[in-house]
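For reference, the chain that follows is the form predicted alone, supplied as structure tokens.
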């Protein structure tokens, strides 16, 4: 394979969070190891590397407490950069977790004034997103949770969250903005427990909103693995529900703190299957990366290049998998059993129910069918290792 075929193009629709590039290498045990890059420098660097877009929190580009004049000048500069450098603002979100005012939640704070301040802050961030042509607005509830269960009734807290989401959906509609919302689940950190921890819980929550058609899911690999779940399956659940509005790819060792490792750096099979899902089902959205460079890095650019290159390599591996005759023959055999019965329960009728009740099956004979999963898994392993 030519190395050039793994170079990113705008058509790949890659995007990075500005916050990823601004990461200073700090952790709970050590101070920063590199300077924070200005937002415009982040955006320019992504454009120079053929990134399709950038994602941002309101305070990634507009400092907390900025004056109206500062805000307007910054927005003029960002809009000029977007036009000059040919890059899009693909996703926006609001920082409702850093300032101490959010110490006990934002939309789920026990103080109605904090909940209203949060909603106001989000409305202003939505205005910025609309001004920059952003069509997706993500909600990550970094402080929406508890350490002390006695402090909040989760049913009431969910109602507060729902009220705010309904209000904001109606705000978007009233303004005529071309924006949809997406919720990003996470099981814990920085709170001991976070509300809406998984794709399934977010799907259930969306169904209770006044405008569920406006709201989808933005799953993240690391958040899923923190809960000990399978990203391939969680992404698939959102996709099957028609709610996969955006994705955040990265790497993560299971059941640990949020590591935000580079995509594919920890589990190549997992990275492969995530890419395969998106490729096979023709996912139309951006391929967003939400991770940060190692603390040992002096700048983020090798990190950016590595994420995009790995995804392009995985796309090529998906094509190999789908074209490999032995792999496809095994899959054809696995899925070819009892072909005459396929789709029998797709549509119910009393007649079909009676016919099913009258059918005769031989469980012992069915149990003897060979399923060469060891061979199939080995072929995938060899494909990823470059043996095939």
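This one's a predicted model, so the numbers in the text were calculated from it and none came from an experiment. Numbering follows the first chain given and starts at 1.
Another form exists, predicted in complex with D-gluconic acid (GCO); not displayed. Remarks below refer to it.
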Contact segment among 106-114, 162-170, 233-241, 92-100, judged by heavy atoms lying within 4.5 Å of D-gluconic acid (GCO) in the model of the complex
92-100
Can you pick out, from 87, 126, 138, 206, the residue that has a heavy atom within 4.5 Å of D-gluconic acid (GCO) in the model of the complex?
138
Note which of 225, 317, 191, 248 lies within 4.5 Å of D-gluconic acid (GCO) in the model of the complex, where distance is taken over heavy atoms; exactly one does.
248
Residue 260 within 4.5 Å of D-gluconic acid (GCO) in the model of the complex, heavy atoms
yes
My question is simply whether residue 143 lines the interface with D-gluconic acid (GCO) in the model of the complex - judged by any non-hydrogen atom within 4.5 Å.
no
D-gluconic acid (GCO) contact at residue 297 in the model of the complex, heavy atom, 4.5 Å
no
4.5 angstroms heavy atom contact with D-gluconic acid (GCO) in the model of the complex for residue 184:
yes
Taking only heavy atoms into account, state which residues of 279-302 are within 4.5 Å of D-gluconic acid (GCO) in the model of the complex, ordered by sequence.
290
